[in-house]
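Next up: just one chain, as structure tokens, the form predicted on its own.
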């Protein structure tokens, strides 16, 4: 049955949900207080790396990430086809580097359980490692190579996603300044600062780091907090870094436009998106240890984005028990780009009352009370 759906939030999660729901035949309106993709979505480095981002074990968040990575080849192809816009999608693979024997042993243990979940990774050292990543510091003892992991250029991906939504009939209203949920139990009514009212059968809340303010409205706790992530980029020639390179200090990703992105320095700064020398200097100290050619090279670009983090590190995805008219999809932290197709599928399945994976119970939006 076709429903009329209002989505609060025009970041990558909101736009992905809109694209999936409209593709399934629903009428969809997206409401955004700023501009679409203007916060964490547009500032992201675009890594699709659930194996490298997960250090502990195959928890629910990891399973959602692997499922989303599996969906990405068809998903990004569909976004490109519908939008008519190209964006970088690079199956580069990744390297998680270690400098000490104890860290190398930890990589061996991680590889064992990751192979059970689709990884074809291998542990590389010596000539085998430096052959595939020649500029890497010879102080690196070993690296876990994961061929499945990819990256994309986030700003262009989000723009293409927005265009694809528009082309298939999603109504998008941005720069609305503020939004208030007037009614959500018997029907959905959301009002903007200029007093326009937007109504529908369902409400999908995808408002990222701003989701916490809706807790009083729904009578639940939504402990989503903004974490500032600072990133810098270098101008390079001939893509000197071939893979996504991770360590316990950060990451480096070489883009098709010959820039090398380094991130991320994180801190709690409220909704402040300014860039600090302290944050960027921390990045510069570690990246020259991984790639010595960066030691005397200053970054040409610095920026920051707000990442919506929850108390337990897991997103909130699912309907409210008090009214299944409302579905939350917030708190994706630094994995919004990666999780966009899987989250869109989950939200659409909830709307259509289809079965969802059992592991999604860990993302219950009311688990904090």
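In this text, all values refer to a predicted model and were calculated from it rather than measured experimentally. Residue numbers count along the first chain shown, from 1.
The discussion below concerns the form predicted in complex with flavin-adenine dinucleotide (FAD), not included here.
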Among 69, 306, 326, 316, which has at least one heavy atom within 4.5 Å of flavin-adenine dinucleotide (FAD) in the predicted bound form?
306
Of the candidate stretches 225-233, 77-85, 127-135, 140-148, the one with residues having heavy atoms within 4.5 Å of flavin-adenine dinucleotide (FAD) in the predicted bound form is 225-233
Is residue 251 close enough to touch flavin-adenine dinucleotide (FAD) in the predicted bound form, meaning at least one heavy atom pair within 4.5 Å?
yes
How about residue 26: is it within 4.5 Å of flavin-adenine dinucleotide (FAD) in the predicted bound form, going by heavy atoms?
no
Indicate whether residue 12 is a 4.5 Å heavy atom neighbour of flavin-adenine dinucleotide (FAD) in the predicted bound form.
yes
Residue-level contact is defined here as any heavy atom of the residue lying within 4.5 Å of flavin-adenine dinucleotide (FAD) in the predicted bound form; does residue 214 satisfy this criterion?
yes
In the predicted bound form, does each residue in the set 153, 282 and 294 place a non-hydrogen atom within 4.5 angstroms of flavin-adenine dinucleotide (FAD)?
no
Which residues in 166-185 have a heavy atom within 4.5 Å of flavin-adenine dinucleotide (FAD) in the predicted bound form?
179
